[in-house]
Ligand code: BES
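A single chain comes next, written as C-alpha cells; it is the form predicted alone.
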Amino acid sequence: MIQIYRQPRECASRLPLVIGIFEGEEIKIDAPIDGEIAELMKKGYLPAKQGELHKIYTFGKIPNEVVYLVGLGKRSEHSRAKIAEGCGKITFELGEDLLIDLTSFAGDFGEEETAGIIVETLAYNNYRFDYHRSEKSEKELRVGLISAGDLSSVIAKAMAIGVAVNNARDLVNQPYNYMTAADLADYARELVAGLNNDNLSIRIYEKDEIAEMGMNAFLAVNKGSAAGPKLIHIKYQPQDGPFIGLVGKGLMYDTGGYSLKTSMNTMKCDMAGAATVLAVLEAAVKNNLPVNLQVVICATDNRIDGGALLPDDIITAMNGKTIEIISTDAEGRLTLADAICFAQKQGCVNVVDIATLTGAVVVALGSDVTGLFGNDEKEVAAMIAASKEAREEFWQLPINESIRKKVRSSKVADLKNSTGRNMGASSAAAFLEEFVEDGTKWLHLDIAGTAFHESGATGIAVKTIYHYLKAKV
C-alpha cells in the first residue's frame, strides 16, 4: 500500500528528506549542512548523474536525521521521463515514511505536473504481487510532498491512475486457475459496482446470447474450452454524444489450440488488453472524465479438445465475412473481429483495440515499444502525443496494400486469419481492418512485447489511453 499527502513547506519534520539534484548546481537544503554537502560534491563523492542515490546522515544538525540525494543529470536534459526515472529508487527500502522536496525535482516543470508524475511513479515502483505467497509484505509507504500549494486534487487524480495501472497488473499476473473468463466477468461487475456511478452500466452476455448475435469467430476460439465464453460490455455515458469504444483482447490463456505453442509460459498475459481497458475505464470514471466510453471484451481461453477449432476450418464472423483458419494460434484477432463489430453496432464511432496480438511486433519493436496502427492519421498522432505525455513509447507501423491482398488471398473464404511471419504484426492489423466500417475511426495497439516482462505485468498503455481520452475533453 502507498499513501501520498501534501506536506506544507513550513512544517519541519524528522522524517527522511528526499532531494533532487542537478549536475553542476549548488544544493541548498539547510544552512547547517549546505557547506559540508557542497564540499563533498566538489570532491566527487556525490555525483548528480541520472539515477544516482546518496544517503546522508545529518547528525542532528537539521530536523531531518537522513537526507537522500537523487541524481537528475543535467538540467538542460531534464524531462518528464527523467523525473520518473529519478524517482525509480524511492521505495519501501528507503523507509516507510519519507518527505520529498517537490521543487527540487521539478526543474522547469510546474509543481502540479511534477507531483502527478511522482505520484504515478511511486505507485508503480512500490507495487508488489504477493497474493500467492504465504508471507506477504505488510509495509506501507507514506510520502509527504513538500509544497506551499494545494496539491490534493492533483494527488488524488494521479493516485487514481496509479491504482488503475496496478489493478491491471494484478489481473494479468493472476494465473489462469484464478482468472478465467467467468472470474474476469465477476471482476468487471465488482468494478462497476464499486465505482458507484449512475452513468455506468454493465451487461455480461452468455454463450447462447453470443451465438444469437452471430459472433461465430469469437465462439470458434472457445470451441475447445471447458469454460464458457463471456462477452463483457460496459457503458459509461456522462454526457450526450457519441461513444469511444475500448476493445480489449480477453484471451484468458492461450495454448495455441491445435497449432500448439512450443512454449506457453506467461500465456496468462494474453488477456492484458482486457485488463488495460478495464483500468482505463476505472481511471476515467474516478477522475470524472466527461467522455462517453464503451468497454467490450470477448473473454475465453484457447484450448484443445475433440471439438476444438482446426486449421482449414472456415468460420463466419459477425459481419458475415468468412475466414479460413490457417493457424489456430492466430486466435486473438478472431475474437477482436467480432468485438469490433459489436462495438460499432452499439454506436461506437471511434474504436481503439488493445491486444497482445503478435510475436512479430516483438521482433520489430522489442519489449519497450508498443506497435500502433490506425486508419486516421489525426487519431494516430493524438495517441502518439498521449504516449509521450504518459512516458510510454509508441511507434506507428504500416498497413499497406500488399499485406491487405495477402489477408484477402484465401481460395476458399473471404479472408485468411494468418499470412505467415513476414509483416506479421501488419497482417494482423490488416485482418482487423476488414471489420472496421466506413466512417469509423480505428486504432490498434499491439502490446505483445510491452505488456509482460520478466518482472511481471507492466500495465502498459493504461496511462497513454487515459491521456488520449483526456485530450478529447
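Just count from 1 along the sequence shown to find any residue number. Just so it is clear, the model here is predicted, and its values are computed rather than measured.
The next section is about a form of this same protein that is not shown, the form predicted in complex with this ligand.
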The chain here is shown without this ligand. Which stretch in 147-155, 321-329, 191-199, 101-109 comes within 4.5 angstroms of it in the model of the complex, by heavy atom distance? 321-329
Sole residue of C348, I161, C87, L357 within 4.5 Å of this ligand in the model of the complex, by heavy atom: L357
Does any heavy atom of D338 come within 4.5 Å of a heavy atom of this ligand in the model of the complex? no
Can you work out whether D254 and this ligand are in contact in the model of the complex, taking contact to mean some heavy atom pair no more than 4.5 Å apart? yes
May I ask you to check whether L365 falls inside a 4.5 Å heavy atom distance of this ligand in the model of the complex? no
Contact test in the model of the complex: M267 vs this ligand, heavy atoms, 4.5 Å: yes
Taking K249, R333 and A448 together, does each of them reach this ligand in the model of the complex with some heavy atom inside 4.5 Å? yes
